[in-house]
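Shown below, as structure tokens, is a lone chain in the form predicted on its own; questions about how it binds or moves come after it.
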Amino acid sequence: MPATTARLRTEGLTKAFPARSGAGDRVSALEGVEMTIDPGEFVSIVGPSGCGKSTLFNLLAGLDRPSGGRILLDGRPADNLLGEIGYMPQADLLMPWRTVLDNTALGLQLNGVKRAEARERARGEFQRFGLAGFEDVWPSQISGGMRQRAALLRTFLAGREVMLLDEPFGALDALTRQEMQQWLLRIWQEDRKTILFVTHDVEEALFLSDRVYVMSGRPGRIELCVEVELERPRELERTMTAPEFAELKLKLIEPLRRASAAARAEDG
């Protein structure tokens, strides 16, 4: 059988910014990043603070341009990615003056769908996304977990086959976070979008993912790639107590510790 074309691939991806000194020097944020995400995969990135994860997502979302290397989408070099890939930043960015329904319909409207149709299509997903009954309330009236569900629904409805999720559960309490992880897996298994997920939580990365990339400290490079060959569908307690899960966790933690120590030494 022919090899599957990667849905998203980076080759030697590099990004440098002008130094604050203004003396013509440049500061490297990413250096030679090589990643492959196949269609329908769930892939996570972990790394120390300041390693360039947000810079990487800005490049993949088309919000910035690389200094070197290239990004391929479905095997084709992608020179202009803006609007091609769904991107949900860490903050939910719900508009306080719009109802939950109108917030979730926004991505469709930006794609040219008329308001009435966009609202109807969004409303049809409220049960599946755990938002039924909250269509007409304001974002300030719902919990943090429900705000993240609404933001994810807005991103899903935008219709992109590749989605970048930047620590979407980072601000949630532990119990809500676990509930959201299980919920997201169910939604992903139903839709099979291609997801690239950033997290600081190794256990979260392993529970959700087919593959986990570990990034180094600045400039960000790929230090390690770990295949997560745990049985799907996954249940939180059964998966996290499996011996294979513990082995994978140890495999990830050591290079992550080294990367974090190197980042602290550089900052210090």
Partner chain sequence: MGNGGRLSLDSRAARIAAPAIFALLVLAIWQLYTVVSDVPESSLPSPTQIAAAGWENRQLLLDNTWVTIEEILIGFAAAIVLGVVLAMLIRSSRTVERALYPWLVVSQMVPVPAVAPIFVIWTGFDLRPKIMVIALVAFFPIAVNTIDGLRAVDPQLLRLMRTLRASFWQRFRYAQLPAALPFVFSGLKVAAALSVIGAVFGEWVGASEGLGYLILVLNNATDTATMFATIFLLALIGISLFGLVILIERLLLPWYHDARKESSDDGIAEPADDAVEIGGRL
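Computed from a prediction, not measured in an experiment: that's the story for all the values here. Residue numbers count along the first chain shown, from 1.
What comes next is about the form predicted in complex with the partner chain, which does not appear here.
J.: Would you please decide whether Asp64 lies within 4.5 angstroms of the partner chain in the predicted complex, comparing each non-hydrogen atom pair?
T.: Answer yes; at least one heavy atom of Asp64 falls within 4.5 Å of the partner chain in the predicted complex.
J.: Using heavy atoms and a 4.5 Å limit, would one call Glu125 a contact residue for the partner chain in the predicted complex?
T.: Output for Glu125 is no: heavy atoms all beyond 4.5 Å of the partner chain.
J.: With heavy atoms only and a cut-off of 4.5 Å, decide whether Arg98 touches the partner chain in the predicted complex.
T.: Yes, Arg98 is a contact residue.
J.: Is it the case that Arg160, even though its partner is missing from this view, gets within 4.5 Å of the partner chain in the predicted complex, heavy atoms only?
T.: Because a heavy atom of Arg160 falls inside 4.5 Å of the partner chain in the predicted complex, the answer is yes.
J.: Look at the stretches 56-64, 195-203, 235-243, 214-222 and give the one with heavy atoms within 4.5 Å of the partner chain in the predicted complex.
T.: Of the options, only 56-64 has residues within 4.5 Å of the partner.
J.: Which listed residue (Asp191, Glu84, Glu117, Glu135) meets the criterion of a heavy atom within 4.5 Å of the partner chain in the predicted complex?
T.: It is Glu84.
J.: Residues Pro89, Asn111 and Gln141 are flagged as a possible site; in the predicted complex, is every one of them within 4.5 Å of the partner chain by some non-hydrogen atom?
T.: Per the other structure, all of Pro89, Asn111 and Gln141 touch the partner chain.
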